[in-house]
Ligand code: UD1
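Okay, so here's just one chain, in structure tokens, the form predicted alone.
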Amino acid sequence: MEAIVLAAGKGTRMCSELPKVLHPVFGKPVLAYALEVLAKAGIKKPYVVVGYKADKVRSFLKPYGAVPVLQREQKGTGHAVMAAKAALANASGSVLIWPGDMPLVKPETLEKFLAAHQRSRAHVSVLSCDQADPWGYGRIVREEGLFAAIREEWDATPEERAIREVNTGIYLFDKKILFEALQKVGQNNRKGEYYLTDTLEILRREGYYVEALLLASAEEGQGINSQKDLATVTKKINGREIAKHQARGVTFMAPDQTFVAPGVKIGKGTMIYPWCFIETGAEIGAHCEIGPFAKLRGGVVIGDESVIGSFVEANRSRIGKKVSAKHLSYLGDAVIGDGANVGAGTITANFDGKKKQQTTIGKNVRVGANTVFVAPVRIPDGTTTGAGSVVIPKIKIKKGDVVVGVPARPLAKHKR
């Protein structure tokens, strides 16, 4: 099976110069969600139709193994698929067509769709869903329960607009009949475009078996055509991720005021307070407390029973077990040992003007309020820093020392 992903449009209603499919959802372009679902289905080399700002989209595709196909003019979905005809010249079997702006379709829904298509032995199948408010979607028109046509919003009659079963834009075609039917598609519609949807009605009239499979949820059928749609999709992905963690024993005090990206790991018994933002790649241990107003960025690993509190940001850091960083701190490129206490206002100054440097804080270190670590520095186990200390490189610090000042120096140990 081959796949064509439609990603050529500008997305005029987005009111943005960025191609619609490159708008980020939790730091990852919308198009990435579609490509990841296809990869899970075993499609390793999808053909992606590019057009508007094609070079930007092409550069994004490389890590996914996707093959770009250029649509020089954007004349509709049918025209976009025709752009991939030459690329698929040696392909046989089925062709899956997928919009690049639909990130909510689940892998298991795709699996059900492929299995149902195979069982039905249809020549063409379209994945449909039921929408309470179907405005803007192509309606699935049936006659005596069987598929008859897809009618776009602007070309539908009042009776057809009342239909709630709508087209998701995901199809499975026999390759040969797909391109034969596209040759017969005209521009007899209000937009003057070549609609891919017209091929289904053409094939049905010619005696081919066309099936509409009502297998997707209304949520999965949500596409992105505006900034409002983008926000809606982001909210739904966030809700899915939080629900997954709740099912594994994570407590969210205010789920609607918490943001958790896909690809986050959180241990059982952890409490997440409101207004936290946790990025892809962050890992949080069991029985931790996070927030409120904490930001955990990619590459952060937090050990069990640790506390990351109000207005604390951590980035690319390994934080041990039973660490407490409760207030107003930035922990970037840091390694913090078990049992350390990080005072309010602590900063790891990790950028030296050329590259990021690491701060290593040992076990059971007591960091005084407003301490600044000018990386690269290494703080031995059991050290204490005084409030307002600035710890710079090359200062000799021994295990158990108390360091104070600007720059910080170990206090003399008095003999008793």
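Note that residue numbering follows the sequence shown and begins at 1. Computed from a predicted model, the values in this text were never measured in an experiment.
The same protein also exists as the form predicted in complex with this ligand; that form is not shown, yet it is the one meant from here on.
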**OP:** Indicate whether this ligand has at least one heavy atom within 4.5 Å of a heavy atom of A3 in the model of the complex.
**Re:** no
Subject >> Contact of T168 with this ligand in the model of the complex (heavy atom, 4.5 Å) >> reply: yes
Subject >> Non-hydrogen atom contact I150 with this ligand in the model of the complex at 4.5 angstroms >> reply: yes
**OP:** Please check if N225 has a heavy atom lying within 4.5 Å of any heavy atom of this ligand in the model of the complex.
**Re:** yes
Original post:
Okay, which stretch from 136 to 144, 241 to 249, 307 to 315, 174 to 182 lines this ligand in the model of the complex, with non-hydrogen atoms inside 4.5 Å?
Top reply: 136 to 144
**OP:** Identify which of L215, M102, V124, C276 has a heavy atom within 4.5 Å of this ligand in the model of the complex; exactly one of them does.
**Re:** M102
Original post:
Since exactly one of S329, Q71, S128, T270 fits, which has a heavy atom within 4.5 Å of this ligand in the model of the complex?
Top reply: Q71
**OP:** Determine the residues of 65 to 83 with a heavy atom within 4.5 Å of this ligand in the model of the complex and present them in sequence order; the list may be empty.
**Re:** Q71, Q74, K75, G76, T77, A80
